[in-house]
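Taking the form predicted alone, here's one chain by itself in structure tokens.
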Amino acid sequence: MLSQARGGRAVQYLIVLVVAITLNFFLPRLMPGNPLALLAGVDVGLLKPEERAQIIEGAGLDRPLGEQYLRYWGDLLQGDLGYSYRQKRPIVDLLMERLPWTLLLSGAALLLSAVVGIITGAISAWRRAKAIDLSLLWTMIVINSLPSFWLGMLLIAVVAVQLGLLPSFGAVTPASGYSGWAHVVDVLRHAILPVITLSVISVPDIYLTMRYTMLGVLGEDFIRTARAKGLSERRILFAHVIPNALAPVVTVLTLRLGYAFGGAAVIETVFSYPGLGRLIFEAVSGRDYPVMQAAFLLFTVAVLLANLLADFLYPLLDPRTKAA
């Protein structure tokens, strides 16, 4: 029964992926205006007639729509995402160049926010209605209302400009010539401020999920039974409460991992960090539609894989769902 349910979900994800890829193909072609504007961007009016013909032929726009669709699928299966006419480079190269920076930034922030969010959420739920619970709850509500760009600019102004402790932009020091451990340290120093910014704005959601899940677990019958058996509060907390409260939190973290592939566009833009979010911002600003298409496709696939991973992990973390 469980295998059938998983198979059904896999089919659903496959259908969603096919629909997403289909929309990714048709939406630019259904938009009003000259399709050249989708390929060549705002500079289309500067192209010579032979350059326009070359772009149309290279993109296959001179062929029937059905043939274009099949060719699009064929290119995707071969890993060909197209060509950036703004940056004059294959889009795959651009994505692979930016992806490691986004994974470094988002992965470090996800790990840090998970640790802080789970610990503070557990403390808050265990000490519910006490001063520390109310203080943490109000603090998280305030943090959750802070705009990410404002927090990033505040850190730049204080830490980077006034105190001069850390770099304020980029992923590496330009023309530094660093290598080995010096390069690693330089990369880490540039990542600290954006990681802190992304972590701080991510903690409240994880905290609230952990807090309310733990409050629900604390009201379960098996917790009262454990206390009636004389188990210590410490053992109840670490052996029964926290393990049973982690399943929804892990699901949230898994989904956040999928969204991480989209890049933190606002934060990467504030810190001029060369990740996928910055690439998407540059593509939107420069009307580089092929890059926008490819980034959207990568983001969609990452979110679907994250959902699939969450569906796989949840029964392992909460065996009660296997019987459902």
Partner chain sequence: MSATVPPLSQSQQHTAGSIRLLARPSLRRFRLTTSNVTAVIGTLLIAGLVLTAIFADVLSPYPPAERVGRPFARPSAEHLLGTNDIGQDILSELIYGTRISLTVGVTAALVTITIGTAVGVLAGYYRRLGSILMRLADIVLVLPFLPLLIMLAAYLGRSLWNTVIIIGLLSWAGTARIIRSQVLTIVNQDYILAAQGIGATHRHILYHHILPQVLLLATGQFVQATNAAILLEAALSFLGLGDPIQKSWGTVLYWAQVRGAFLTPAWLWWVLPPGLLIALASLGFALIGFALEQVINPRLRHNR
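Not measured: the values here are computed from a predicted model. Numbering follows the first chain given and starts at 1. C-alpha atoms forming the largest set that superposes within 1.5 Å between two forms make up the rigid core.
Quick note: we don't show the form predicted in complex with its partner chain, though the next part is all about it.
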- Heavy atom of Y212 within 4.5 Å of its partner chain in the predicted bound form: yes
- Message: With the partner left out here, check for me: in the predicted bound form, does some heavy atom of A129 sit within 4.5 Å of its partner chain?
- Response: yes
- Query: At the 4.5 Å heavy atom threshold, is V303 in contact with its partner chain in the predicted bound form?
  - Reply: yes
- Message: So in the predicted bound form, is its partner chain close enough to M153 to count as touching (4.5 Å, heavy atoms)?
- Response: yes
- Message: Quick check on this chain: which one of G74, P147, G107, P243 has a heavy atom within 4.5 Å of its partner chain in the predicted bound form?
- Response: P147
- For the chain seen here without its partner, which of 234 to 242, 114 to 122, 197 to 205, 134 to 142 has a heavy atom within 4.5 Å of its partner chain in the predicted bound form? 134 to 142
- Message: So that I can tell if Y212 moves, could you say whether its C-alpha shifts by at least 2 Å between this form and the one not shown after the core superposition?
- Response: no
- Query: Fitting the rigid core first, would the Cα of W126 be found 2 Å or more away between this form and the one not shown?
  - Reply: no
- Determine whether the C-alpha of A20 shifts by 2 Å or more between this form and the one not shown once the rigid core is superposed. yes
